[in-house]
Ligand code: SAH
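Read the single chain below, which is given as structure tokens and is the form predicted alone.
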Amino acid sequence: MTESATVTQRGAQRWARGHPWIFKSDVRKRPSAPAGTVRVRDDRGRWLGVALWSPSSEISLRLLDPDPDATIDPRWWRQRLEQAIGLRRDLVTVANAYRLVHAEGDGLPALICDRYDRWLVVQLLSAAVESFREPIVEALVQVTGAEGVLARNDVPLRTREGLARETVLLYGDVPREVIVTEHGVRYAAAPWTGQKTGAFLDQRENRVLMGSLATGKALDCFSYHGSFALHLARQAQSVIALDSSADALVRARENATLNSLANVECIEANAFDYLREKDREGERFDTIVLDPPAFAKNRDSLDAALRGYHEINLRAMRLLAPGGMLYTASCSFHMTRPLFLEMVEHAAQDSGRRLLLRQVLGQPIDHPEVVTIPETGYLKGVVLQAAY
């Protein structure tokens, strides 16, 4: 690694403040090298570290190691991956599926790795990290003993990096379906075709929490494959798993059968329409979960997203029975925690209900959120209880 990049003082200050990205506009001298790693210095000649270099990306440099003399070789990747994976060692006692590497959250920018039992699913989200595909996969197999590694490189972010969007097997074999065990609940994940890398692993602990709080008649909106519904059904009298996708509900029914749960009813419907209808009918639920997809895909869609979040939360609040519990969440990065809490407050005001804030929740330990890197945190939620 002989190439170097020179960055502005503004770019250098981002690293000094704990954020690993330097944008194209702050690269004063661009390396001529292809995607990979480069040494970085500021425009005063002071060496700052080693970064991943993506020539086509708006995020040109991502800090990899603050030591400018670091050698980014297979041994380096193995040591850094061992460190990240070691932080999750206790999760094996409660689940066989969880995140092993959370990109910038683990000091491994643009790299995602999720474990599904004996198999791994990775996402290589920048041209620079893609250039290290072979040593990364080799190190992951060595450290975890995985029987197969699948790349779910089908995300739009890769297009901005000049990379192909693809789903490709990188090592061994990975089955189309893996049975996940999560705090005693089992469900089928689909590594090749499912949402994200095969399942929504980031809500694991929140599912367990709501399962412990569930009572009476429960409603799981945007249920997808029924992951929340399965936990609710262990304690609630009855559960409605609501989703607009018939295909998703087929899997939800299969998951209920897998857990010998006869109290889960799957209903295909638009959540907005269903909540409005039940509100008009005066129906009440003792437990409600709102875990919608990301309404705010970008900043421009934030206003419309806020209206959508307000609407579904208002309706759910009105449907709560006295003493009932509501878990509401957002996985939209652009919906910041303060904005989310403000939306909840406004919906509560409009609902006419007295709602008690029981818990403010976020991401589990395997999705670490670094306080100086807002992009590492996207999931936020609250548990509310209806006082009357």
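The model shown is predicted, which means the values in this text are computed figures rather than measured ones. From 1 onward, residues are counted along the sequence shown.
FYI, the form predicted together with this ligand isn't displayed, but the following is about it.
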- Within a 4.5 Å heavy atom cut-off, is F222 in contact with this ligand in the predicted complex? yes
- Task: Answer yes if any heavy atom of F200 is within 4.5 Å of a heavy atom of this ligand in the predicted complex; otherwise answer no.
- Result: yes
- Query: Taking heavy atoms only, is P293 within 4.5 angstroms of this ligand in the predicted complex?
  - Reply: yes
- D243 within 4.5 Å of this ligand in the predicted complex, heavy atoms: yes
- Query: Heavy atoms within 4.5 Å of this ligand in the predicted complex: which stretch among 256 to 264, 122 to 130, 84 to 92, 226 to 234?
  - Reply: 226 to 234
- Which pick from A304, V168, A164, A269 sits with a heavy atom within 4.5 Å of this ligand in the predicted complex? A269
- If we test each of S212, Q195, T181, T159 for a heavy atom within 4.5 Å of this ligand in the predicted complex, the one that passes is Q195
- Note on the structure: Across 82 to 96, the residues having a non-hydrogen atom within 4.5 Å of this ligand in the predicted complex turn out to be none
